[in-house]
Every structure is written in C-alpha cells, then in structure tokens.
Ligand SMILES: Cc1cc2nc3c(=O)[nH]c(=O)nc-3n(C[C@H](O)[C@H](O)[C@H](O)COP(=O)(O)OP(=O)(O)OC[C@H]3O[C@@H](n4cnc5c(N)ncnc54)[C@H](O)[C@@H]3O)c2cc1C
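Here we start with a single chain on its own, the form predicted on its own, put down as structure tokens.
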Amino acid sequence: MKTQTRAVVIGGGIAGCSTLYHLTQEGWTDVVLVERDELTSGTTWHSAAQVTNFGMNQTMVGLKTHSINLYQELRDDPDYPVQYNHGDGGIRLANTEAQMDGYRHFASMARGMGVEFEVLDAAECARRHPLISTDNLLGGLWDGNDGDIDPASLCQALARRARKAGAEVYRQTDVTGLTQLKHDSWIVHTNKGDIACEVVVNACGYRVNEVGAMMGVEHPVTSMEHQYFVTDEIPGIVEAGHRMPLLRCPISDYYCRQEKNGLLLGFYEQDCKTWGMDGISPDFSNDLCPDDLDRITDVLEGAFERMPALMEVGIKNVVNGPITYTIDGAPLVGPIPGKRNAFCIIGLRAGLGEGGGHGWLLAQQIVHGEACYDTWVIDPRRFTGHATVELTALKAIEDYQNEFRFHFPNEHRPAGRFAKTTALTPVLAAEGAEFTVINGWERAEYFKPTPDFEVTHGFHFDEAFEVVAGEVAAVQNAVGLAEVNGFNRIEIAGPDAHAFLDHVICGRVTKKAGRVGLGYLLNDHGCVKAEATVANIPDGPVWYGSAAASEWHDMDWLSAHADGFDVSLRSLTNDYTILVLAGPKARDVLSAVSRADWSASAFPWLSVRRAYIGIAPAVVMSVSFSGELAYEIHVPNANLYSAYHALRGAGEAHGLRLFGARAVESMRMEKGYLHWKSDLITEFDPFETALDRFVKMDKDFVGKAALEARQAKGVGAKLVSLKVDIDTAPAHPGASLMQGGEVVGTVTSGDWGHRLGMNIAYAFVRPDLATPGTRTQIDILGQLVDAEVITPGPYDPETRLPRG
C-alpha cells in the first residue's frame, strides 16, 4: 500500500468510484481509494439504479446528462461492458394543473441544457405505458433517456478504468483516523498503515459521519429505510414486445421499472422511518433492514389503482435498505466547510443515476478549483450551523413523504422550521407575517391581510400579488420597515485590511472612513465568485457584508486568500440583524428616534456611522436594495426589539408599513440589482454579467490573468434585462429564451415590478441579442411569450431617490 499519494478517496460505492475515475480524467493519476469492505457493499449494491435526465435545475440536468453519456460509453466497452438499459423512457405522472405547469417549466429549463422532455396528456401516458390506468390522471412528463443500470458492474468498470490510468484501490482497508498537518495536507490512518496525501474525500454513504467525526465535523446527512420489491412475470409486459417505460407517481408515492418480465416497485410511504440515528453496527455491510411490508400498505393500494395488473402477480423478493438524505434532498458535493483540502460527495439518495455526474463535478473542483457548472445547488456550504443531524432527520422524513412532489415557487414546507429566529420572529408573526426560510433563518415574506389568508402554490402569480403591491406602494410613497436577518457580516481588522480587500476584489475598494462601497470577487478562472458590501466604520474595522446564504462560502474564500496579509477575520453574522427603513419618509422616521443629523449633506448616500436608535446601539448605512431612500440599521441582537419598537412607534405618524422579502424582490428587479447564485454565478465573468463598471484592469486582483485570457477570447454571453409580455406568470429561473426554434439564452430571475407595472426578467443571452430593443421569446410554462431587451434598472435610472 502506498504511504504517499495526491488524494485519498474514502468509500467504494458509486460516489467514491466515480470520484476516483474522474480525478484520473482530470489529470490526477496518483490517487487511491480505500474501502472498509468490498466495492459497492454499502447503499450502492441494493440500489434500484434508475438513471434519469430529470433535474430541478440546470446543474442537476447537466450532471445527469454526463452520467448518461458516460454509462453509454461503459455499456459499449467491448472489454468490460456494463449492463445498462438506456432509452426505455420514463413518465412522471400528474393529476393537477399546477404539477403540469411544473413539468412545462422543467421542459423549458432542460432545453437550455440540450435535453428534450415531452409533456404528455393522460391518453398518451397510457399509450406509452399500457399497464397504467388514466383514472385521476391529467398527464405526465416524458424523459426519453430514462433507464436503469447494474450497480456492481458500473462501479467495477469505473474502478477498472481508474486503475488503468494509475489509481489504486485498497479493499478491506478500514480508515481509523484523520490528521491534518500544519500545511493543510492530511494523514489518513488505516488498519494497514498511514497514507499521507494532499486531499482527502469523504465518500462514505451512510457512514459519512463516522469519517466526519475524525475531522471534527458533522454532516447534515441521515438515512431513511426504503423498500422495494420485484414481482413475478406480468403477462402484459411479455405481450407488449418492448421494455416498459419507468414510472414515477406523485399521486400514489411509488415508482416502478421493468425487471426481466416483471416489475421492480419502490415505495415512499407516509409512515416512513429514519435509520442509523443511534449508530451503525460495524458488521452492517452488504446487509439489509428487516422487511416491513405492512408499512407500505397505503402506497401499495394506490399502485394497484394505477396499475391493476399488479393485483394478479406475486412477489419474488423484497429489499429494505438505507438510503441517504440531506436537509433539502440534494447531495453535498464539494469543499467541506471550514476545512482545507477536504471534500465530500455524500447524501446521494439517487446515487447510481447521478453519481457519474457528481464525481465529474467534484473532480473538477479538486483539480481546477471550480467546475464547468456553478455547483452551489450541491455545495456543502449552502447549510451552516443550524444543519444538525436532528434537523436533517425531520427534513429527510418530509422529503421522503414528498419524493415526487417538487417544491413550487414560494412554497416553504413545515418540517424543521424555526431553526434560526430573532426576537422579532414572534412579533412579526403577530403582525401577520408569512415567513420564508433563508439559510435556516425565518424571514418575513409578506404580511397577510387577514389571519386566514392563504395562497395557492403554483407557477402563476398567486393571491399575494396585491398584498405585495401594497407593501411596495407604501415603500414608494411613504415608508416601510423590514427585518433582514442572517445577513453575512465579517469583520476584517488589522493594518492590511484594505490591501487584502484590494487583492480579492476586482474593482476599487473604498478606503475612506465612513463610506460604503460595492465590490465583486472573482475565482481563479476570472468568473464571479462573490458580491460584497464593504463598509469602513469610523474609528473601527471594515465590515464585509454579503448574502445570508454565503456565510460559510465567503469565510472559506477569504480565509484561503488571507495568507501573507496582517488581517484577522471574525464572523458577526449571528450577532447582528438588519432593520431596513425605506421610502421618502425614511429620514423623518430615523430623525425621530435618533439625535444624529440625518440630512443628505450630513449623511449622504453610501455613508456609514455608529448611532443610537432610541436606546439601541447600531451601525447605520445609507444604502438601498429597493431603489428608494433607505437605511440599513445593523443592530446587536440583544437590542433588536428595542430598535424595532422605537422605529415602529415613530413610523405611525408617517404611514409606516411592514414589508417582506417578496416586495424587496420586486423592487430589486426594477432597479437592475442582482442576486448571488441567481444572477451572479461562476459560469460567467463580470463583463458577461454586466458588471464592467466594477472591474479595474489597471490593478492586480485574484483572477485577473484568467479574466484577461477570457477577454481575449471574447464574450460568450451577456446578462440582460427583459420586459416580458405576460401578466399571469413570471419567467421562472431556468426558462429558455427561444429564437427561430433555437435556445438563445436562459432566465436567471423574474418577477413583477409593481412600481412600473412591468413583468421583468434577467437572462444570459447570446451577445448579438443583448442590445436594448431586441425582441425574443421566452418559453414560460409551455407558451412562447414575447419579450424585449431593455436598459437595466428602468426605475429611477439615474439613482436620484436614494440620494435623498
């Protein structure tokens, strides 16, 4: 066994084998995999092994497409062919118009990744799958690339190719400990000796937290028991003369695929249970949980109604094994938060179908620092300190019970709520707040007009449309107050604070005390990594502020680039909360509760100072995400209610109204302001993202050389604003822009601008279509809707209002 290697991958299931193989494909051949037992002895061996192209976003579609292409290549390898039933086709059923709208949107989104789905009516579903009934069925989504693969031969094939490229695989090798050295390399301790390496990868399936504990981390991953059974031969399958399409049914919570001349049926019962929460026996390997068919009786009855032929056949065998889940159901693939040179590929509940793509994207991150797609949707750092195993278990049960029922826009499910709250959460709830969740924080989305007010979840504008319009009007014409909790806030102190920021930000960094600036950070490929507000607090340190979801992401990036600078980084994210006071009367309200001079001359736009709001200490910034005169009031959490009470009371004389996140979203669309990981992603550089004014090529910064190389090649796409000619639905993220039957762009954000009475979208488009006045079309829920490129930020284009 080697004692020194470049990377050690721990775990011999699909996650580990795929990562090992793809590392060799990216040029790292001095790599090893260690497995405590035999390859595929964990979850992989009993997987139902379905391979679909369906995904909830473009990154997931892209990585699944890679898996399918790779598996086809392995199937056709004459030396070691893998059993892969590709192209059987698959149908996701629906019995509501809202579900059908979702399928129409997913078809539009997938088209931008070169994948074609079909939206079918009920009769066509039955024609393609002759075993199903059309009772209580509206239609479905057809995936022509759907199929299934043999788990064992797939993993052996990937390991075989990795070995041929120079990698080594050590079976029956138990990892007993992990030690990180001062220079951030690792020692992997095993029962057969130690291996020194640059990088370690946790690919340990349901044993993920046993290895996580060795490096002092707890991953938000837990396991659920999952049962399927295989039937005897079904005459209808024999008579069909072709393989049956795969079926996924959100109506009855089951799936099925052909297995020989019978069916493999898997169930997502409501009476489900977690597994392994109190530890896993070291002897549990190539093993299963006891059968419990009584638990799936309700689901089975629904399957009988959909497929009556099931009532006439027997059961050959039953499988009940653990599968892993995360808090939001998507895997954790990427850097382990707070650890250098440590990565994970875990929580792959659909590991066989997706594993080829996940290993591909992870290998790119390890070798090149970034993948070809923005991987935030699977990034382990998208969850922070609230992401415990206990919370994960609650969300895993909820996800399991809704396996084939996708989240609708603005739908926030109830399990595991109130993970992060402030003193204002119950106060705002009493005011009628409907809450959304941002990185675990409960944040007011809008304020209900009556206690029994409810919305219908779907892809069209819902009943809250007029409520949000009223909140926006209050901000535009008088004054509004909102709580923005969880905002990422990092204190940067030390003599090199500004030199450090100048190094990581691609534009000018404001150094003047009492002033605020906006900057962008690039990755080593010259593409957009982060957006930051830089505030120079008088007689104090610099505050770096960014999106709530970026808390661990940005701290990792800043820490990794602070070497050589005399700076200290300290997170204040969980110590302060922002109260946003916005509108033409905002200055009057602020002046009523603070004795400081808040006039435009004494405290102009983009200023920052310490002050008191009533008796509450605060840091106040004159910045605006709404486009109105506005103040961000950063208050220590211990004083939050005091500051809120003072502002709320003073605002009564000025018509103050509370507003929520949906009003902010509407207003930021009108102003041309961008959201991190919606419009600001690592697939595009700042020139493509219309951030030219924030880039100064006459200075050095992280990513400059790569950005110059990208400039030399020319712009590949441009971010534009669009006026959309429809008033019933927004252009949802991922929707495809079409021109002459071709995809010419992809929507990143969309919402109604209430002050302008305009449906607005942002999209990356071909550069030749980026000129204002250019007409195009967007596929919105299966309808081609006319759209026109407009100048960004049509509301108050000269930004006079925030200047007061």
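Not measured: the values here are computed from a predicted model. Throughout, we count residues from 1 along the sequence that is shown.
FYI, the form predicted together with the named molecule isn't displayed, but the following is about it.
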**OP:** Given that the partner is absent here, state which listed stretch (359-367, 74-82, 435-443, 313-321) has heavy atoms within 4.5 Å of the named molecule in the predicted complex.
**Re:** 313-321
Subject >> Contact residue in the predicted complex, from Y255, F106, F500, F701 (heavy atom within 4.5 Å of the named molecule) >> reply: Y255
**OP:** Could you spot which one of L348, A396, A630, C344 gets a heavy atom to within 4.5 Å of the named molecule in the predicted complex?
**Re:** L348
**OP:** Considering only heavy atoms, tell me if D174 and the named molecule come within 4.5 Å of each other in the predicted complex.
**Re:** yes
Original post:
Hey, in the predicted complex, does G205 get a heavy atom within 4.5 angstroms of the named molecule?
Top reply: yes
Original post:
Hey, in the predicted complex, does V211 get a heavy atom within 4.5 angstroms of the named molecule?
Top reply: yes
**OP:** Evaluate R36 for contact with the named molecule in the predicted complex, applying a 4.5 angstroms cut-off between non-hydrogen atoms, and reply yes or no.
**Re:** yes
Original post:
Which residues from 1-34 come close to the named molecule in the predicted complex, meaning a heavy atom within 4.5 Å?
Top reply: I10, G11, G12, G13, I14, A15, G16, V34
